[in-house]
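One chain is shown next in structure tokens, namely the form predicted alone.
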Amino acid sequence: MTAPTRPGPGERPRLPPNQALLPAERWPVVGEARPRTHDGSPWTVTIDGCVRQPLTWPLAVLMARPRIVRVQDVHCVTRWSRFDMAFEGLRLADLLAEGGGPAAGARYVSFQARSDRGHSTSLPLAQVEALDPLVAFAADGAPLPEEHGGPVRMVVPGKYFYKSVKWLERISLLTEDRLGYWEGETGYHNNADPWAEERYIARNLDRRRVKKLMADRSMVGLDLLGLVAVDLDLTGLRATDAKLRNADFRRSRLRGADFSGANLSNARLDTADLRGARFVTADLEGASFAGADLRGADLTGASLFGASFGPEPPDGDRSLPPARMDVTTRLEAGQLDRLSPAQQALVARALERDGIGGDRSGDRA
């Protein structure tokens, strides 16, 4: 694994903030695992919209062309990064030039996937021209696996990887922006700069509504992206099946809270009192629990990829201690495989165990 280097004066770090560096052999599958197949139509790649000449190529024709290789780092919004991935493909700029380039008025580029949900994303044309993305067919010397966007995907450097749409089918140049699936449906940030941690768009919440939610201590099934609930007494909160991505519950009292089935990806739960809280089958990917009290908490079936239970060397915030856990913390051994090795070791120490895997209780790690 390539170690992250400290930046020089005026340079940004190679590893963006709050990202975990993965070894070269790991590439987690994010999102859907296969393209749309039910219609049986031939796979083509089309450039249309505000262009001088629309173009459509059979996929096999594009794949047969001479390719370039570009080595770049990949950063996923779910807090993992990989350094030095080698992608092979064609420059989007060259494909655009074949049709005479963008027409007057083109300001944005929309990338659309051959998927059941019609995944798409967009970027300003000026950024596309500056970032010089690839239409890619291979990664690290092998054809792109289907679950990673094969046979063809976009690869956009310098952005969270959801801007590199899988299973590319159409590229449309637009005069006005069109939010993609991840931005419009799940609230991901439209600019996606990893070094600015532009993961989510913070929605404007009506303060009176939030105040009532806090008083009732019920968020069941609600979509409260980016909720700020710092230093609050929310003992016994009911938040089952709630969408609380990027929520901030730092230092709050959440003893006995029920987050079963909730989406708490990238949430901040540092130093919160979570004794007896339930996170059964919750999405906790990228969530931070440094310093939290998790004694008696139930995390059975929760997704923990990228979750953090304390500082990691060399750059962890050592002002926060590890999460407090003991034998009453319910956590299945298999769940810990989703954590980084440093986090696995930290959890093992927090549970006062010699290692991870052996199970004294039958359902706790």
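Residue positions are given as counts along the sequence shown, with the first one as 1. From a predicted model like this one, the values you see are computed outputs, not experimental measurements.
What comes next is about the form predicted together with a small molecule, which does not appear here.
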Handout entry: Contact test, all of 31, 147 and 164, partner the small molecule in the model of the complex, heavy atom 4.5 Å
Key = yes
Practice task
Would you mind picking out the stretch of 65-73, 329-337, 50-58, 22-30 that comes within 4.5 angstroms of the small molecule in the model of the complex, counting non-hydrogen atoms?
Solution key: 22-30
Handout entry: Contact assignment for the small molecule in the model of the complex, among 219, 113, 254, 262, heavy atom within 4.5 Å
Key = 113
Fill in the blank from the handout: Checking 153, 189, 268, 243 against the small molecule in the model of the complex, the residue with a non-hydrogen atom inside 4.5 angstroms turns out to be 153
Practice task
Check whether residue 119 has any heavy atom within 4.5 Å of a heavy atom of the small molecule in the model of the complex, and answer yes or no.
Solution key: yes
Handout entry: the small molecule contact at residue 108 in the model of the complex, heavy atom, 4.5 Å
Key = no
Exercise for the section: State yes or no: in the model of the complex, is some non-hydrogen atom of residue 182 no more than 4.5 angstroms from a non-hydrogen atom of the small molecule? Expected result: yes
Practice task
Using a 4.5 Å heavy atom cut-off, state whether residue 80 contacts the small molecule in the model of the complex.
Solution key: yes
